[in-house]
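This document opens with one chain alone, in structure tokens, the form predicted alone.
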Amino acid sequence: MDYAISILVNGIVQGSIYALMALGYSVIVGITGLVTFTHGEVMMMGAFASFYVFELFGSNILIGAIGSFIVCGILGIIIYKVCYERFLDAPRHIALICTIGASMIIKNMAQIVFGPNQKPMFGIFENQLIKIGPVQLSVLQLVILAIVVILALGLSLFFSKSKYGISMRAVSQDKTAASLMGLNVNANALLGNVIGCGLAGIAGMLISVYYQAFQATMGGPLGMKAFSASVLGGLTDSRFAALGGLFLGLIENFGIAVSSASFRDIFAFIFLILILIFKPQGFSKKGGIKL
């Protein structure tokens, strides 16, 4: 029984990180209207950014999150300018191919600059355990859950209450109508890409802190998991995308409990294939970003 509870807790914590990854992905796709293949590499850069922030300013997870968001937000500006800005009205496959090329460049540059080997991440918290009834969590797990919940709620409030968030939602639903109403489609799409990449950076930090390791080639599997989770929301509904991330974390942990840890990444592909077979349009009923 205790073992099953431990797997459930690990699945929820890991799934919450996947949910954050999927939130960032769905924000990008929902607002730009274009699928990205750079998301995994952005998460990888978030992990590296947090490592050097920890090295310079100490192992403070909040400072690490801010550093990762800023670095990956800047990277999001570059990606947008190169891969999206000129192709918002072009056939979708053009931007798609461009993001594939950008992901390869980022990954290979990271391998050249940082090296291809796995690196250990700084320990943020001591291995302190907190018991809540039959559930036992580490301080790190509680902090990760708190960060993801706060970011998800903050993102929801931003899109529903702020002027910029409402503008981005309008752009995501109909770019032509938004432009006719006087909204700057290009600026809103850029801001959406920055926010999505910033969230991906924080997710990259959290996954590297949780597993105490990171490397330049970690982006591929993470990007596929973000995509798999986002498919549940039709790539644009952040609510179902986050739910997909949570499901994926639970499926992975219960899957490796009855098989092998080496099969971890296979479950993301199985999850994706099942969703595409039985619900290819996801569970979202309307277009545009939803939170």
Partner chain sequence: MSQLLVANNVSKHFGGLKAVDNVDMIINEGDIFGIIGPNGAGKTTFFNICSGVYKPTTGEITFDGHSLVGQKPEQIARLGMARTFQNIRLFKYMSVLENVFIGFQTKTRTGLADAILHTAAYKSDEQLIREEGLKVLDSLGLLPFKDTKAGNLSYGMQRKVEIARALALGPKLLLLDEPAAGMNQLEKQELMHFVIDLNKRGYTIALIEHDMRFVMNSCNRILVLNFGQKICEGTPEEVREDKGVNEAYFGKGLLVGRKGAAA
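Given the structure is predicted, the values throughout are model-derived calculations rather than measurements. Residue numbers count along the first chain shown, from 1.
One more form of this protein, predicted together with its partner chain, exists but is not displayed; see below.
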Stretch from 207-215, 72-80, 183-191, 145-153 whose residues place a heavy atom within 4.5 Å of its partner chain in the predicted complex: 183-191
is_contact(Q136, its partner chain) in the predicted complex, heavy atom dist at most 4.5 Å: no
Exercise: S162 in contact with its partner chain in the predicted complex, heavy atom 4.5 Å: yes
4.5 Å heavy atom contact, M121 and its partner chain in the predicted complex: no
In the predicted complex, N117 touching its partner chain (heavy atom, 4.5 Å): no
Its partner chain in the predicted complex - contacting residues of 8-35, heavy atom within 4.5 Å: none
